[in-house]
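Encoded as C-alpha cells, the following chain is the form predicted alone, with no partner shown.
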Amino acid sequence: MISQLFILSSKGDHLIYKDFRGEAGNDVINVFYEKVTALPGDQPPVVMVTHRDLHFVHVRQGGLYWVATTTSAGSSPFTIIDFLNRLAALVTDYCGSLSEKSVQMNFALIYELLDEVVDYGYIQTTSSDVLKNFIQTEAVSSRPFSLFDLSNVGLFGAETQQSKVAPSSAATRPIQSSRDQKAELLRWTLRELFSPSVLELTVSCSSVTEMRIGLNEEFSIGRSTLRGYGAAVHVDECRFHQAVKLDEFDDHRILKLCPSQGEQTVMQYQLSDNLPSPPPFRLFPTIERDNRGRLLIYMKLRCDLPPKSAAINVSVSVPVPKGCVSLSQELSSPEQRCELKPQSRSLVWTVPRCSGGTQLSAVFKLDVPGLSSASMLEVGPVGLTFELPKLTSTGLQIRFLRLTPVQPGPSQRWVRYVTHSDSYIIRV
C-alpha cells in the first residue's frame, strides 16, 4: 500500500507530488532527498527513515527519482519497485520520452495517470491498453531540432512562437459586423476539467503587440501564502506558456503576453484534492434482478450545483452485460432520452439540461439471456459527460483584459467560462 508518490529531479526539485492517504506531509520530500544524497555510492532502492516510521522506496529512471512512501510494515518493497519501473515505462509510452522537461510539460497527463493507476494507495493497473479508455489529456511533445526543417526556427536555433501554436478553424471564421466592416476576433476560454484545467486563447487580431490579463488577486499556487484580498483560489500545480511574462504575476497576478495568430494554451493548472465546491453530480444506483429474470437498473441523479446554475448536454453511460437484446425504460421527464448500444455494450442516458438542486430518476429494464450473478458484475462503472457554462469549479476569474495598442473600430472580444467533465467516473 502506497501512502505518497513523488518524482524528483536529480537536483531535488519536486516535479510531481501525490498524497493518496494523508498519512504524512509533503515535507518528506526534503527528508528523502537529504537521506538519499547522504548515502555513499549507489543508493539502495529502500531507505528507512525513523521519523514517522516511513519507508522510502525509489528507483532512478531518466535521471529522475521515482519515489513511493509507505507506512505499512506488510508492504512488499519488491512489488513497489516493480510498480515504479512500470510507472516510468507507462509515462514514457504516453509522453514519448522520459526526462525532466517531458515530465514538466506533461504534469497534467501524469496526474491523470496517477488518478487511474492508484486508488487510495492501492495499485489498480499499469496496462496501457486498459488506461487508454480513460485518459483524456493529450501529451505535449517537443520536436527535436532538425537541420532539414528550419521553417519554425528563429535566431540561434530557438523555436518561434508559430511552432507552439495550433491552427484554429475558429480563428479563421469571419464574424459579421453591424457596420459591414472587417471585425477582428479575440476570444478567451477558461476551460476547467475535473483533472487538468487550461486557460486558452484564440486570436485573429493582427495588430495586437501585447496583452495584459489580470487574474484573481487571491490566486495561490502550491504552498504560497494568501494575501487576504478576497475569496481564495488555490491550485496545486501551474505551468505557463513560454511566451508569458511573469514579472507582474507575483505582486499583481497579471500575465503579459505577445500573442500569435491562432489558438494557444496560456496556462495549465491542476487541482488534486479539496475542491472548493462539491462535485456537481451525485449518482445513486441500484442494480437487481426481477422475478422474470430481467436486469433492473434504478438511477437517481442529483445535481448539486447552485440553484441559478445548470448543466447542459448531460450524458450518463452505463456499461451493461454482454448479450443485451432489448431495453424498456421509465424516465422522469419527456425531454430525456435513452439508447442501448450493443456495439459498445453500454446504455446511454442523455439529459439536455439539468438545473442546480434538481433530481432526475430513471428505471431501465434489460433482457439479458442467461443472466447470472457474475454477469451482473459487468455493470459499471458509470461515466458522466457534461458542460457547466459560466462556472469554474476553482473560482478562477479574469479581472481584466487590456490590449496594446488600443484596437480601433468594431473589435469583438469576450471571455467564456466553462467547466467540462473530462473523466468523471462513478463506481457502482
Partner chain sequence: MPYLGSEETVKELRRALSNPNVQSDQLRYRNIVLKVIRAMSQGVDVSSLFSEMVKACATVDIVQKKLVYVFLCSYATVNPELSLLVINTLRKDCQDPNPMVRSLALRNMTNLRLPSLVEYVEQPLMTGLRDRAACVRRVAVLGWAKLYNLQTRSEIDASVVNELYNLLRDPDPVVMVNCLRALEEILKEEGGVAINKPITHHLLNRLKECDIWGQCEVLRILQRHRPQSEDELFDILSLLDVSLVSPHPPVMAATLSLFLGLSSGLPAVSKAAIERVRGPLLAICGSASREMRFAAICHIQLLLCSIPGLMGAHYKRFFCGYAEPSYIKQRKMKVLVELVNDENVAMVLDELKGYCTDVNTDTAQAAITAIGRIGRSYSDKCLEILTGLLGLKQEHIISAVMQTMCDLVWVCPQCSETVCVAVEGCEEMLLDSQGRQALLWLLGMYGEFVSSAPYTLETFIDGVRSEASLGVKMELLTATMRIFLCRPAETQDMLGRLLHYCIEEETNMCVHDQALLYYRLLHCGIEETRKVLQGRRSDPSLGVLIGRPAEPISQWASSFNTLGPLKQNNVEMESTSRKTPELVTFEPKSNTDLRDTLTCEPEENFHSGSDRTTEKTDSCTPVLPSSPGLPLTLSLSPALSPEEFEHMWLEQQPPQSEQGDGMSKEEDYLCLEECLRCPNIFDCSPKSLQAAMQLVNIQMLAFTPPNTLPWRVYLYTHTQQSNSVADTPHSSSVRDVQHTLILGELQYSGKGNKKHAIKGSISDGEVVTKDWDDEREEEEEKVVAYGLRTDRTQDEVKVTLKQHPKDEQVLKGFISILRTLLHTLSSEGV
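Numbering follows the first chain given and starts at 1. Only the largest set of C-alpha atoms that superpose within 1.5 Å between the two forms is called the rigid core. Just so you know, these numbers come straight off a predicted model, no measurement behind them.
Only in words, not in the display: the form predicted together with the partner chain, which the text now covers.
Contact with the partner chain in the model of the complex, defined as a heavy atom within 4.5 Å, holds for exactly one of S333, T79, S277, S97, namely T79. Within this chain, G63 is remote from the site of the partner chain in the model of the complex, having no heavy atom within 4.5 Å. Interface residue remark: K322 is counted as part of the site for the partner chain in the model of the complex, having a heavy atom within 4.5 Å. Although the partner is absent here, L301 is not a contact residue: none of its heavy atoms lies within 4.5 angstroms of the partner chain in the model of the complex. Contact check for R337: no non-hydrogen atom falls within 4.5 Å of the partner chain in the model of the complex. Remark: of stretches 281-289, 252-260, 238-246, 324-332, the one touching the partner chain in the model of the complex is 238-246 (heavy atom within 4.5 Å).
Residues of 9-24 placing a heavy atom within 4.5 Å of the partner chain in the model of the complex, in sequence order: H14, L15, D19, F20, R21, G22. D115: CA moves 2 Å or more between the shown form and the other one after rigid-core fitting. Relative to the superposed rigid core, T350 undergoes a CA displacement smaller than 2 Å between the shown form and the other one. Once the cores line up, the CA of S75 ends up 2 angstroms or more apart between the shown form and the other one. Wider separation of the C-alpha atoms of Q343 and E116, by 3 angstroms or more, is seen in the model of the complex than in the present form.
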